[in-house]
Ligand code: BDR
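Below you will find one chain, with nothing else, as structure tokens; this is the form predicted alone, and questions on how it binds or moves follow later.
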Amino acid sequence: MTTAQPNPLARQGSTAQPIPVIIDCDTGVDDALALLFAVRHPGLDLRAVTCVAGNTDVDQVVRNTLTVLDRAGAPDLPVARGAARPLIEPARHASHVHGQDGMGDLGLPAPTTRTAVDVDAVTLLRREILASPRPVTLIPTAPLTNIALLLRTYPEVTRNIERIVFMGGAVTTGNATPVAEFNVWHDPEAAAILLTAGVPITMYGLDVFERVVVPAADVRRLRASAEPGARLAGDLLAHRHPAATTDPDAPGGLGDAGAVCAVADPAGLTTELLPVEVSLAPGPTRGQTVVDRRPRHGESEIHHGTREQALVEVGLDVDVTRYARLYLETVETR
């Protein structure tokens, strides 16, 4: 049914010009790591950041995002507040993972000079996408509510979107449920809308997300840095999910930042073009990304016919050492 293909991001990343990107995030610990990387990587032109409820409430997400951009030494980027809850479900935050403030309860001060723009996230997304002289790569690292609203409200934006590289979904095991990953589970309808966007899509799911870690020695070095952005990266990498480990010498997971690494350095990610759909039914499979890896049709298709399904470049393998090194080299260069 499908064949393995070279990662199409590699063709996009081969240009000498920086890639225009917009990050849509629910800034918790690993979204913050992603922002630090995106600001500092010379091959990325971060045009805007939009915020959505997910890891924490949307107002805290905005505050966290502005704080991280301050610490990263980012230019004056537009940041916009987006959806406060999913399309249908109530908001269900992840403070048990990211802390009460969404940033590992590091006690970071409020931003002093940056403020959000006076338009909503969907309006900002439309404006920045259509104004870009080159097609934009969207990198959602959060529930996909803002992106779904954008696609339904302003479908014309797709003509200037190069690709959507989203952190979400899983081929095998979930984290929100046994089969569903948090970002998709938080707003399954929005994820289903994303898959009908009509633009190329790459899924950077849990199968690769959980593998990319930074060695403990490097985390300690970052934490000892005198440079604010590198030190923040170290503190975030040192944050531990309380149910995962209490070992202070455990490596630090890059999480969402891996999806941004995949845009900057696509050769580190192995993908396969596969049919993907989101389970919207109530019950234990709700929010599951059903990825069809069968080599041929089965009895269901033989008896009932085939259904149209979105074809998505699904991340199946990742060069862990390559992305950890890339992350460190980028955030420590200032």
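Note that the structure is predicted; figures quoted are calculated from it, not measured. The first residue of the sequence shown is number 1, and the count goes up from there.
Below: the form predicted in complex with the named molecule, not depicted.
When contacts are judged by a 4.5 Å heavy atom cut-off, Thr50 does not count as touching the named molecule in the predicted bound form. When contacts are judged by a 4.5 Å heavy atom cut-off, Asn183 counts as touching the named molecule in the predicted bound form.
Among heavy atoms of Ser132, none comes within 4.5 Å of the named molecule in the predicted bound form. Contact check for Met167: a heavy atom falls within 4.5 Å of the named molecule in the predicted bound form. Heavy atoms within 4.5 Å of the named molecule in the predicted bound form map, among the stretches 284-292, 27-35, 264-272, 62-70, onto 27-35 alone.
The partner is absent here; in the predicted bound form, the one residue of Val79, Leu206, Leu236, Ala190 having a heavy atom within 4.5 Å of the named molecule is Leu206.
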